[in-house]
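Same chain, two versions here, written out as structure tokens and called structure 1 and structure 2.
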Structure 1
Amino acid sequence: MLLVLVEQTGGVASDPSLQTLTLARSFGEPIHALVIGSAVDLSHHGVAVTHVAVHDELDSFAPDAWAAILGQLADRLGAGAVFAAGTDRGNDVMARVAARMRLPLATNCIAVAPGPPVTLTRQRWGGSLLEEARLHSARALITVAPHSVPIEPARAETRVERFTPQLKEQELVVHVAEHVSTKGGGVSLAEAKVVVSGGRGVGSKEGFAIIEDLAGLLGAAVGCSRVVTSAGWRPHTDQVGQTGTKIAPELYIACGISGATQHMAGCKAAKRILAINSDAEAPIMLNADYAVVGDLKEIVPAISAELRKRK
């Protein structure tokens, strides 16, 4: 029996959680799911039982409480493995489960097979490198790297069971006290259909004017590489990369970006990549679908002019 933590927004399961259910089914069945707060319909995702934890103190996220609930339920059900999505919250809660139960945790896995020992493949370097590993534990704790496994629906007769967990005061100390919205104008980097990014080759803060102009014409978000934020040319919120934002646009236009692994880890989910670079041998050329070789300061304005001409 496997237990899967399913994250949700307003009764709808998140995609990374549905991907996790798919990978968990390849590991073993039956699948029990835990949702916290409101119920979620998981009958299209092969779930035998959905456990809905309801508690007055759980209106705001409290990671230690979530870990306590997941641990209690795993014990009560005798779960052979516990899965969650490798999201910020999923990894956080599972690390707390690992700490409470003194069990080893393998994060951001893309493949798992039952043991003993459990064998798995997990992401390192934001997915730029893979690790094959063995997990020596009677109960495997696994998180699944987001967007590494396709969602495969499976019909099931799902039973829903509500329960009220026992929570200690100290498990509620860490909780979200307030949510501050920072949504400004413009297109969000994480959700943009097109992203135009600049790297070291842009040369200066002012050099981004031509990047912004092209982005404006395409209704695109502006991104940048880590070199650019370290130099203070753009805010960190614009950074695409392993330590910045991970994006998945239809088209990613990388201008003057060499394609370091740190950067590619953030844009590898892009459907297509256009590289504009003066170096035809830059590493990004090995990861791009289209390339234009030359000076971005001439090429980017020429593309903008061509777009204006055809409007």
Structure 2
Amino acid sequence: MLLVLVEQTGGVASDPSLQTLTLARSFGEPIHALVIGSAVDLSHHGVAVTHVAVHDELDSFAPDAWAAILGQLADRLGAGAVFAAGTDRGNDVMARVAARMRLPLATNCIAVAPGPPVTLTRQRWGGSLLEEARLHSARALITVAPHSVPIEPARAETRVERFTPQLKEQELVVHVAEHVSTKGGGVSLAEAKVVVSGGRGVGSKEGFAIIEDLAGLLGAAVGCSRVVTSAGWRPHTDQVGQTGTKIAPELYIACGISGATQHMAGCKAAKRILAINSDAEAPIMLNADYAVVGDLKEIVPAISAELRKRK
């Protein structure tokens, strides 16, 4: 039996969690899912039982509490493996679960096969290297690299079971205290269908005005490269990359971004990449589906002007 931690927002499961369910089914069945707070319809994703943890103190994310709940449920069910999406939250919780159980954790996996030992393929070095590995453990603890596995529906008769976990006071000390709304009409960078990003080539904090203008016309989220956050032009929450947010939009427009490995690790799952750069030899040009060589300060406003004409 396998247990999968499913992240959700407003009763809707996140795409990385649905991708994790797809990979978990290749490992074995039946699939049990843990959801914190609100029930989620997982009947189209091969889940036999959805366990919903309900607790007065779980209105916000609390990693130690989530780890305690996941560990307790895994023990109660006798789960042979525990999966979670390799998101910031998923990796955080699973690292704590591994520490509690004193077991190894395999992160950023893109393929798994049951054992013993469990064999798996992992992304390393920002996805530029694939590692074939064996996991020797009494219980396999695995996170799945986001956007590395396509979501494949699987119909199942899903039973929903609610329970109240037993939590210690110290497990609730670390928790999310506040959510700060993002600019751009609240479009989430991780979930946006279109992302417009700026890099060093934008030139300054004020230079992002044309990036924000184009994003607004496209209903897109605004992103940036690491050098931009290091310069203080944009907050870290806008950063696309290995140490920022990993995205998978339908279209990614990269303006003045060279395309270092760290950045490409964050946007490699984009369906289409449009690169605008004055350097025709920039690394991102090799990864782009469409490339425009020129001054972004002329090209981006020209795109915005054309979009306004067509509206």
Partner chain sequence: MRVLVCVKRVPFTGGKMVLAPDSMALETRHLGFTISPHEECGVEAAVRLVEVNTGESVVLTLGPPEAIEQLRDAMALGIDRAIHLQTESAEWDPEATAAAIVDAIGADEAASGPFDLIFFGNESADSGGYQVGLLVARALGRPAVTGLKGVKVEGGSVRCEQEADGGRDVYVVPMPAVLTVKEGLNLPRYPSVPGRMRAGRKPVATSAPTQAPARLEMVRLVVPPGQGRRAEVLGSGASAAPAVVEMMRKIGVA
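Throughout, residue numbering runs from 1 along the sequence of structure 1. So that the term is clear: the rigid core is the largest set of C-alpha atoms that superpose within 1.5 Å between two forms. On a predicted model such as this, the values are computed, not experimentally measured, just so you know.
Structures 1 and 2, same chain in two forms; the form predicted on its own is found in structure 2. Comparing the forms between structures 1 and 2, the C-alpha position of residue 246 differs by 2 angstroms or more, with the core used for superposition. Once the cores line up, the CA of residue 28 ends up less than 2 angstroms apart between structures 1 and 2. In a rigid-core overlay of the protein, residue 143 has its C-alpha displaced by under 2 Å between structures 1 and 2.
Structural comparison between structures 1 and 2 after rigid-core fitting shows the C-alpha of residue 264 displaced 2.9 Å.
Relative to the superposed core, residue 213 moves its CA by 10.0 Å between structures 1 and 2.
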